[in-house]
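First comes one chain, alone, set out as structure tokens in the form predicted on its own.
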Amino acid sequence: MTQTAVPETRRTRLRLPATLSASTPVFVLLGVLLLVLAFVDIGFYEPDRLLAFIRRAAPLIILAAGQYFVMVSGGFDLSVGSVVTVGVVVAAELFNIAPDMPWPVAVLILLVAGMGVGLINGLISTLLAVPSFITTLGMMLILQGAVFFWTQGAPRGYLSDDYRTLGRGMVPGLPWLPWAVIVLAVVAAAAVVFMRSDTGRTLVATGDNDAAAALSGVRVHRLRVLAFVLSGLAAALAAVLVGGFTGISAQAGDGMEFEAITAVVLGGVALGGGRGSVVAAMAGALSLQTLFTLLTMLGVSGALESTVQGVIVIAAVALGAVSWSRRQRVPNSTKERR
């Protein structure tokens, strides 16, 4: 009994730093980037400028949280950028048709529509066994084509000032605090609470080994559909903030799906699912936004953003693969010693 207990204890001790190491690099990177920003622009950390930066980063961070739910369960969602674009265009058309529509009604319509897109993605991926990459790629193309056909590249309508308050307005009585920061804080807190619940833990277990999860009584299909619904919800909420901040555009969400995936991968989430932290995924999004801001300050062309994203994805996945192989060798070497 004593001999078997010792290796078990050793494995438990080794597991903690291994778990932390998966997400540690993104926090180190974020700290370094923020430190460099302090030297490049001394006034960056003035409260109004810092909060304005967080307001700009909020849509991507929210998208990353939604993308995390899908990726940690073993899938991908390439449709979120198109959902953002559709949300902006549809909101403008809603106010064009019904100028007196209360802005909460418009927001609710967008959120339900985003959840509907996620539900369709989830059902096709699970019930029809179509890989999520293909399903959401098809949905992305469908939504992009629909927007172009509807707008001919020039969206109609407008966004009311009340509606745009969430994206660009300040909290009454607190003129220094953007509403977008409040929305982001609520989403971040909700994501953390969800992942600490039994459902959140089961979602991670499903991504790690769906067959074992199914044998233990987990309704794998239902959980994965839920992940897509949450991703669609996050994309619709991001559309509200993007529309409020930038206004109407038929390219409002272009490329945001890849930015969200890059952020999640940068946060240490395994591409096959089953490993990663939602906090680290959101930190990855903030790191990405910080990096883009720093490059802009240094005069680097914005055209290189895609190149930077590609390098980050390759480097993060390679680092994750090396880290994973090392963790796999530790139990094996322990067994050999036994």
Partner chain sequence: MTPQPGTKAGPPPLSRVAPAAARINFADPVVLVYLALVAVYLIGWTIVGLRGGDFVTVANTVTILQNSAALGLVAIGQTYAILAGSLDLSVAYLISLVTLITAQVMESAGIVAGVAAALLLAGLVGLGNGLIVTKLKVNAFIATLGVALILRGYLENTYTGPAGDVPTEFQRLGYDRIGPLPVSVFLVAAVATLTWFVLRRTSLGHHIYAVGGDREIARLSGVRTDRTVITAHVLCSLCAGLAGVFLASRLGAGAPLAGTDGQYDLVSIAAVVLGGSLLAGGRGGVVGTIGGVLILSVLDNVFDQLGVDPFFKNVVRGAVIIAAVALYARQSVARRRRQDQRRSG
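Positions refer to the first chain, counted from 1. All figures in this text were calculated on a predicted structure; none of them were measured in a lab.
If you look for the form predicted together with the partner chain, you will not find it shown, but the lines that follow are about it.
Contact annotation: the partner chain lies within 4.5 Å of heavy atoms from the stretch 258-266 in the predicted complex, the single such stretch among 258-266, 223-231, 186-194, 79-87. Of the residues given (I54, L271, L34, V279), L271 alone sits with a heavy atom within 4.5 Å of the partner chain in the predicted complex. Only one of T202, N209, T165, Q144 comes within 4.5 Å of the partner chain in the predicted complex through a heavy atom, and that residue is Q144. Looking at Q152, you'd find a heavy atom of it within 4.5 angstroms of the partner chain in the predicted complex. Although the partner is absent here, P131 sits close enough that one of its heavy atoms falls within 4.5 Å of the partner chain in the predicted complex. Shown alone here, I124 lies within 4.5 Å of the partner chain in the predicted complex, counting heavy atoms only.
Looking at W176, you'd find every heavy atom of it more than 4.5 angstroms from the partner chain in the predicted complex. Relative to the displayed conformation, the Cα-Cα distance from G310 to F39 shrinks by 3 Å or more in the predicted complex.
In the predicted complex, the Cα-Cα separation between Q309 and F39 shrinks by 3 Å or more relative to the displayed conformation.
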